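As structure tokens, one chain now follows by itself in the form predicted alone.
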């Protein structure tokens, strides 16, 4: 039943928040004492130092430095713009389309007999340019192209991996359950595969940002043709609203947004007033992933993703949700093997080699993308 899973998630969060604090640092609040006010960004770093040093051990110092350093971006080419001219302009900056390069390299290996692995299933038509490892150049701001839409969208290139992993086919009905601010929704449309796309986010202010992205990058006739539907419903109830409906569902859940939490005070989940909300995140994530799987038709696929390093928000959520659906709904869900993504994109990203379920992109000074966790799930029944 759901109750044991909820209790286990709460217990895990309790253990992480308190048990790892050395005894010498624990203190009892004195009567009338004034608690020191630390910035939320500092509280986030303290939390990460306590939890991630245990989770990643010797890797943590490198990850820590990278998280505190400038993030790299990719330029997602807008297929609704003059994409070949845009690509040529990006190539002149010495940037390369990491997607097409990886796929071409894989196919060449297969043809030469050096790789026995089959061609990986990935969402097609995505073009995203990045600078080479160690190159910290920055892309100029996108501009309005000759076709009346913006040329490219700047995003963490690792954010494209969940969309690639979703493996869209032409005509698929697609749900983006937690869509705002809109980068992954835009990428879903760039595949040119969405027969019908529902983009949802609980926050109306965030769906407003999503609408602006779509208006800036996607022509009106294309938005109507693809039947893009933007809603602000409670994603946890989607299984009740539209159960057994979608071919592909992306569940990019709210999380501790690790890199954002180290830089921005505004809307920072490590603010003291949001402590309870932070502790309840794994429960919310389980509910959202369960709803996404219930909204998927039997035989369909879901990709779960976060921009957090926390295994409590990543692997534990996936495993807890699979148990929940099996026990409460008699629905079988299978984790798909995405280990080929490590080899496919090893020249662009740094992957965590010890991830038990799904894949995790680690921030690295030579390839400072992420963090980005993603896991593909196949609903069998």
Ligand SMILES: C[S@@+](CC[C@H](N)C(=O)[O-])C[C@H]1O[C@@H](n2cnc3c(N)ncnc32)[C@H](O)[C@@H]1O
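Positions refer to the first chain, counted from 1. As the structure is a prediction and not an experimental result, all values here were calculated from the model.
One more form of this protein should be noted, the form predicted in complex with the named molecule, which is absent from this view; the next part is about it.
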Picking from 233-241, 265-273, 69-77, 290-298, which part of the chain touches the named molecule in the predicted complex when contact means heavy atoms within 4.5 Å? 233-241
Distance check, residue 200 to the named molecule in the predicted complex, heavy atom within 4.5 Å: yes
May I ask you to state whether residue 253 is within 4.5 Å of the named molecule in the predicted complex, using heavy atom distances? yes
Within 4.5 Å, heavy atoms only: does residue 183 come near the named molecule in the predicted complex? yes
Contact test in the predicted complex: residue 177 vs the named molecule, heavy atoms, 4.5 Å: yes
Picking from 192, 110, 132, 284, the single residue whose non-hydrogen atoms come within 4.5 angstroms of the named molecule in the predicted complex is 284
Proximity to the named molecule in the predicted complex, single hit among 278, 260, 96, 206 (heavy atom within 4.5 Å): 206
